[in-house]
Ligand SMILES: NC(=O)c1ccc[n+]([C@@H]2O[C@H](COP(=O)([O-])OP(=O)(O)OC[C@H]3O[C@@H](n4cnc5c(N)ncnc54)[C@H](OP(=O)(O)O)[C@@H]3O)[C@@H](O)[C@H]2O)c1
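First, one chain by itself in structure tokens, the form predicted alone.
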């Protein structure tokens, strides 16, 4: 039986796990939140508490065939690599696929220019630097121990419960204007589809950009969400760093267009939502049901 272990059963991890569980896979994984533990076990997932101070029990990875690494690195590095990297390397021959969820932030700022998987890795934020270090650490286990590591560099993620429709409906959306600013996005369903495509055609050591076909100014997404909801979009405001969260600042610190051609050419993946328009339109019923 195929057995997926998700280090981090969060937004993307649960989305992948839910799809594979319906296909008969066994699912295991971790959370930092004791309150989530029962919910995961109610789905018949084997769930464990894990953080930098709480390693897994010795038998947790027995019979695992596929691993998803979706926990962000901390100040000291990737907690899974630090706690269980050696253990995973020792199990390399039994693993069919290991996927590390990184970020397009490893490419740094390109002032609106294009990047692909062959572009230089020059992160311009602390978050990007940490991700590049984690990528390098995991690739070292592929190079030195044969661990079947694949890197997935994610653009801005959206999907059910986490999208600009939700923010417009709640009155929290902002149309911040920073001239020249563009960035790529990706619907969580396409993340899942791309990961499954990679699992079906493993190519250890390979990196893939996970993004849709159109990099756009962030305010355009808010405007389109408002149009779908039939409301006036929020007023445009000038970009002010002091008004931003650290995560928001990391997005606005970089402007680039990311190519997804490799995932199409090598894995034959066809995007379910080629742009934010298709993605938000499909999500509209999830808002309408609650308002």
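Positions refer to the first chain, counted from 1. Remember, predicted model here, so these are calculated numbers, not experimental data.
Below: the form predicted together with the named molecule, not depicted.
157 is the sole member of 194, 157, 151, 88 with a non-hydrogen atom lying within 4.5 angstroms of the named molecule in the predicted complex.
The partner is not drawn, yet in the predicted complex one stretch among 98 to 106, 163 to 171, 133 to 141, 194 to 202 has residues with heavy atoms inside 4.5 Å of the named molecule: 98 to 106. The closest non-hydrogen atom of residue 16 lies beyond 4.5 Å of the named molecule in the predicted complex. Although the partner is absent here, residue 146 sits far enough away that none of its heavy atoms falls within 4.5 Å of the named molecule in the predicted complex. Taking the partner from the other structure, the named molecule in the predicted complex has a heavy atom within 4.5 Å of a heavy atom of residue 10. Contact annotation for residue 33: at least one heavy atom lies within 4.5 Å of the named molecule in the predicted complex. Along 206 to 226, a non-hydrogen atom within 4.5 Å of the named molecule in the predicted complex is carried by no residue at all.
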